[in-house]
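Just one chain is shown here, as structure tokens, and it is the form predicted on its own.
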Amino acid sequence: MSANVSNRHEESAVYVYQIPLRLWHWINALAVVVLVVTGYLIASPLSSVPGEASENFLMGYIRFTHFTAGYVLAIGFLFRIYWSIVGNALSREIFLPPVHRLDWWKGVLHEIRWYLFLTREPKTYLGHNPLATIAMHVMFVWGTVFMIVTGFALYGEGTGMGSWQYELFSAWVIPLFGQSQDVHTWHHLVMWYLVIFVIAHVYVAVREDIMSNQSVLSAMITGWRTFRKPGNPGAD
């Protein structure tokens, strides 16, 4: 840990996010953006395309881009699970939130009050704060699992019976929901669920960088989290 004095504030920095995790974060973020844009266009296709129909394959390219980004998301998620096992303790916190600890739930309540501007006393954490951890677990982890499963179920319809996508996903997911259109509907609805999560995620990260005593945005670029006041991370 290093320390220096700048602008009358004592600062300390701790290395929290390892390189593989940071690379996954930004690749995953790009994949999500591509999936949302192309997914919206698939659900609401362009009304017309200029030129002869035989010379255009725009929606085909959009679908291909969507499928490619879906594979990137799925493979990246498998890597993220692997890294939660071999990486440092902070790499697994979104998969295993300590819901059995009373003090952790007190931290969740404190963060709710902090985000609602009901307290002016931010707490500092090496990784995600308790509220961010539970939000990442419920909205991102399980939301991503849902999108991967339903996405491959829909994709398996095109690859057909006998393909691994159909056998692993379509064969049970579509009957579970009732019919293919129901899977389409839920896949599209959860897309908006993840859009809301991304908006909240970006807002909270920017807000923490400005209002709390720690860096958030730069930590996911450099790996180092800076604390702008004396004291141990996790304390008031």
Partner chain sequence: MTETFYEVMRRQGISRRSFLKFCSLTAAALGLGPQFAGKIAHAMETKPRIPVLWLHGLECTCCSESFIRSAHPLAKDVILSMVSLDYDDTIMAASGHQAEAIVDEIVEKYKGNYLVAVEGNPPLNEDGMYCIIGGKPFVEQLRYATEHCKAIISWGSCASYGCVQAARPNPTRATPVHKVITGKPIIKVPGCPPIAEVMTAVITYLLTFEQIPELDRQGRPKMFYSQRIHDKCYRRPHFDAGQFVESWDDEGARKGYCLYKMGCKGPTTYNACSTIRWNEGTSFPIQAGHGCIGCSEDGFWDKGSWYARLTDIKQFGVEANADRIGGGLAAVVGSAVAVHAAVSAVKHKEHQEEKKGDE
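Model, not experiment: these values are computed from the prediction. Residue numbers count along the first chain shown, from 1.
Same protein, other form: the form predicted in complex with its partner chain, not shown, and the subject of what follows.
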Would you kindly say which of A89, V99, M161, I81 lies with a heavy atom within 4.5 Å of its partner chain in the predicted complex? M161
Give a yes/no on whether V37 approaches its partner chain to within 4.5 Å in the predicted complex, heavy atoms considered. no
Going by a heavy atom distance of 4.5 Å, is Y166 a contact of its partner chain in the predicted complex? yes
Wondering, does W26 line up within 4.5 Å of its partner chain in the predicted complex on heavy atoms? no
With a 4.5 Å heavy atom cut-off, would you call K106 a contact of its partner chain in the predicted complex? no
Quick one: which of 69-77, 89-97, 120-128, 142-150 gets within 4.5 Å of its partner chain in the predicted complex, going by heavy atoms? 120-128
Who in 182-197 is close to its partner chain in the predicted complex, meaning a heavy atom within 4.5 Å? D182, H184, T185, H188, L189, W192, V195, I196
